[in-house]
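First, one chain by itself: the form predicted on its own, in structure tokens.
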Amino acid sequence: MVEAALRSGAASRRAVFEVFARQLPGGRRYGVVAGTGRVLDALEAFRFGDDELAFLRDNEVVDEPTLDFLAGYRFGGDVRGYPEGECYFPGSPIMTVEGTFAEAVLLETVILSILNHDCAIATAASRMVHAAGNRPIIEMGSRRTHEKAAVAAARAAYLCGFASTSNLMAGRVYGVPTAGTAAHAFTLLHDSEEQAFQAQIDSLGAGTTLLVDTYDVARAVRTAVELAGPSLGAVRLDSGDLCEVAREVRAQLDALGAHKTRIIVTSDLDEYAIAALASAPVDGYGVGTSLVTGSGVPTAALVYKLVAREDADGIMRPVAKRSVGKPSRGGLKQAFRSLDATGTAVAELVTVSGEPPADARPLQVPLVGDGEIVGRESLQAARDRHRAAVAELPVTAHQLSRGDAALPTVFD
């Protein structure tokens, strides 16, 4: 495509691409923007080195003029978009990429691969955090996804309110707090459960979390308190009827004087299971598989479409698909969120006029200007933004049953 555009002379025309979702998959009521920071890192490093060029040449993928273009490729355009942690809805212009056609079209796959993954994980994480209320969640999904996706998933989960991750690489690269517990294998390794618990306490102190369901839960809880004393940090439950077992364990801990010992539950939890445990005496959750797979929605269904391009006279013209079931809306857009007098969001306003509506806040921010990154921010800033963005949504946005998007998208 780039080769053909270079030959026709259209490759240098200014073009505007837009990232958006036609609908929210999985009956979601809102989506969460995540991955923007990773997109900026990827864009900054997007180059064609000698090895890549040799592969393209040896396999006759493109001709020599195209190879020359790729050898000197540097994105020199502009990018605007919703900042990380912001919520989005069908038609929201999550990211706008403007540059020459050739330089902008090359970014489609890298942008979509990052945003589709991270937005899906973040949306699932946000629902889980809301279901958990004030109880913390540990991200524990690294063994259930690609090794690099695991790091990105931990980042997206923390952005949306998870307390920590078991992925140490996410801690090293992104500063996500790390936490974890022992596995059943640690208990099975030792000659007795008592020996296993004592070894863990000797190494990590009485504040550690002991896994108590390898054999008999009641016996394990009793042994744990006998060894660690009432200052035992926590016990973890990973099987059975978690609600019922948690009640029994809480009663046993209290009877043994371990009133401050917390109960952490794991075992294939998702937002629905977490919500079902709301009345149980649980102090925290560990979530793995459901988080890293988007809780059944592993992609955000985002697309990257050309919405405006320069004509032969140098005038920018809106363009749009008219395909059945897959239409797009032409024009360079701006987006605003309309709020009522109480500060509750009531609509997503998308306009090509650029005129900010009354009682609305702008949603897009500069990310790249003339090829230079201008929109980097800390992960904590995105985390704080998400907390505020979710708080302004109507109450119905947080319902876990399937339904329409929480806010209507109004196009001007």
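This is a predicted model, so every value here is computed, not measured. Numbers for residues come from their place in the sequence shown, where the first is 1.
Absent from the display: the form predicted together with a further copy of the same chain. The rest refers to it.
Across the proposed site, 127, 226 and 355 without exception lack any heavy atom within 4.5 Å of a further copy of the same chain in the model of the complex. Only one of 283, 78, 238, 270 lies close to a further copy of the same chain in the model of the complex, with a heavy atom inside 4.5 Å, and it is 238. Of the listed positions (278, 188, 255, 71), a single one reaches within 4.5 angstroms of a further copy of the same chain by any non-hydrogen atom in the model of the complex, namely 188. In the model of the complex, residue 341 stays away from a further copy of the same chain, with no heavy atom inside 4.5 Å. Contact annotation for residue 168: at least one heavy atom lies within 4.5 Å of a further copy of the same chain in the model of the complex. In the model of the complex, a further copy of the same chain lies within 4.5 Å of some heavy atom of residue 144. Although the partner is absent here, residue 334 sits far enough away that none of its heavy atoms falls within 4.5 Å of a further copy of the same chain in the model of the complex. The chain is drawn here without a further copy of the same chain; in the model of the complex, the stretch among 130-138, 156-164, 86-94, 238-246 whose residues come within 4.5 Å of it by any heavy atom is 238-246. Contacts between stretch 159-187 and a further copy of the same chain, counted in the model of the complex as any heavy atom lying within 4.5 Å, involve 168, 171, 172, 178, 181, 182, 183, 184, 185, 186, listed in sequence order.
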